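Okay, here we've got a single chain as structure tokens, the form predicted alone, with questions on binding and movement later.
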Amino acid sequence: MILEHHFASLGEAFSSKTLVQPLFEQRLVEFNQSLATLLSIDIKSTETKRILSGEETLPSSLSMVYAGHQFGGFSPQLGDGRGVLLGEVRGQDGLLYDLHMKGAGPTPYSRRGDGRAVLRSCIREYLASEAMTALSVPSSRALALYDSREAVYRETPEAGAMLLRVAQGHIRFGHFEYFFYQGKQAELDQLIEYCLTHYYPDCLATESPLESMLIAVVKRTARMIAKWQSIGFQHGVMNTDNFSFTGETIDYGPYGFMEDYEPDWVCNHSDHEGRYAFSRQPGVGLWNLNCLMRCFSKHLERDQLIAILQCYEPELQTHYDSLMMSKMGLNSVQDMHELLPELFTILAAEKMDYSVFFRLLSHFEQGGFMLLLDEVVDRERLSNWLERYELARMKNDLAWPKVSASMLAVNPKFLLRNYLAHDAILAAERGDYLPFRRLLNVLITPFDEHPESDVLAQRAPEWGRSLEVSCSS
């Protein structure tokens, strides 16, 4: 494994040297071999194993400093409070990928915290990041999970753990906010040049590289959130320090995958005002981008920054429309726009499971209403909608079986339901990782039938509907 570290070359203003502090009786309990193959990482190498676990001292490992708007309020200095950037490896695709350890111990930015993570949160992030990748959502990924016999104190003592994460980049909107509001213009310029060189090199050949890069960031962010909305994913903590400059979903905390359709659903029970509710995510994305654009007010004119932001809504809407057309098996935007609002009204009124409905719709055959009507109380209302939907689908040139096959390829059978993660975590805390691995197996191939795992496709039982998730990890 050849470890590079370009970010360290930026200097001390951008980070602090930090070493991974291994946990007491730490064990490697899960390793993502398919991701390791992409990165040309050989876990059988003793040296590689020591580097990845933190047992080998890496003089260039560091924790990043940044700022951020958190629930609307600005925090002038944040940073990697429990994360260490080990370095970068070059994948077989020629791209560089960060290796970032979560739960590595206290850093200069821990703010009196212990810098640790608990097994519960590491398992949740491992499952979510791999599930999102399988659903074609740009996301950080999990490479390795370590548990330990070290107690970490939250509301109660919990098992300490570390998660080695991989992403194209860990630079956040908050990095730019930190240098802008600190008045550190030279460092801000340095960061801009770094991002152009490492993440948006194609923009260097344009007439205005910075403007081109920011348009690309806006569009990547819009497409990411469109994908969130189409699959029913809620991030939970959409602070600017949790938004990636490369348009990847990062920092999985109190996230959730929507089960019963509820547009104003809030998965994070610490979000008392519902700032980051599911239906508000597109608006929050634009708000965060507006915060980011302020950081370039000395580089570009106000009209230029406004024009850049105006790329957001059409990019999000166009991508969302395309995704929803695929989910519904339609090839007409007009038909989709006529059908979708009424469908959402029905799903909300019936408290219908979002992913289950679209999976059942994928099996829909001409005149085959009963499978779906059995799911609702108001059968007449849904029947009327299905008749209109059937007429719209009949406009397709493809035969019904081909349309259904295409829908089954985008509407997952398996979803990371909160109660499934809860069960996997309880078992892992007892030392049994089999439920975690069984769940992971269907989440990385969520469109396959996996008949032996049908139980993992079932709706949440009554006790599973009341589970709450918070930022505590």
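In this text, residue numbers run from 1 along the sequence as written. Note that the structure is predicted; figures quoted are calculated from it, not measured.
Same protein, other form: the form predicted together with adenosine monophosphate, not shown, and the subject of what follows.
Asker: Has each of 116, 154 and 242 got a heavy atom lying within 4.5 angstroms of adenosine monophosphate in the model of the complex?
Answerer: The answer is yes; 116, 154 and 242 each reach adenosine monophosphate.
Asker: Tell me which stretch of 81 to 89, 141 to 149, 377 to 385, 340 to 348 has a heavy atom within 4.5 angstroms of adenosine monophosphate in the model of the complex.
Answerer: Partner-contacting stretch among the options: 81 to 89.
Asker: Taking adenosine monophosphate as it sits in the model of the complex, is residue 251 near enough to touch it, meaning that at least one heavy atom pair lies within 4.5 angstroms?
Answerer: Residue 251: yes, in contact with adenosine monophosphate in the model of the complex.
Asker: Hey, in the model of the complex, is residue 436 touching adenosine monophosphate, heavy atoms inside 4.5 Å?
Answerer: Result no; residue 436 lies far from adenosine monophosphate in the model of the complex.
Asker: Just checking whether residue 66 would be counted as a contact of adenosine monophosphate in the model of the complex - the rule being heavy atoms within 4.5 angstroms.
Answerer: Looking in the model of the complex, residue contacts with adenosine monophosphate include residue 66, since a heavy atom lies within 4.5 Å.
Asker: Answer with yes or no whether residue 110 is in contact with adenosine monophosphate in the model of the complex, where contact means some heavy atom within 4.5 Å.
Answerer: Yes - in the model of the complex, heavy atoms of residue 110 and adenosine monophosphate come within 4.5 Å of each other.
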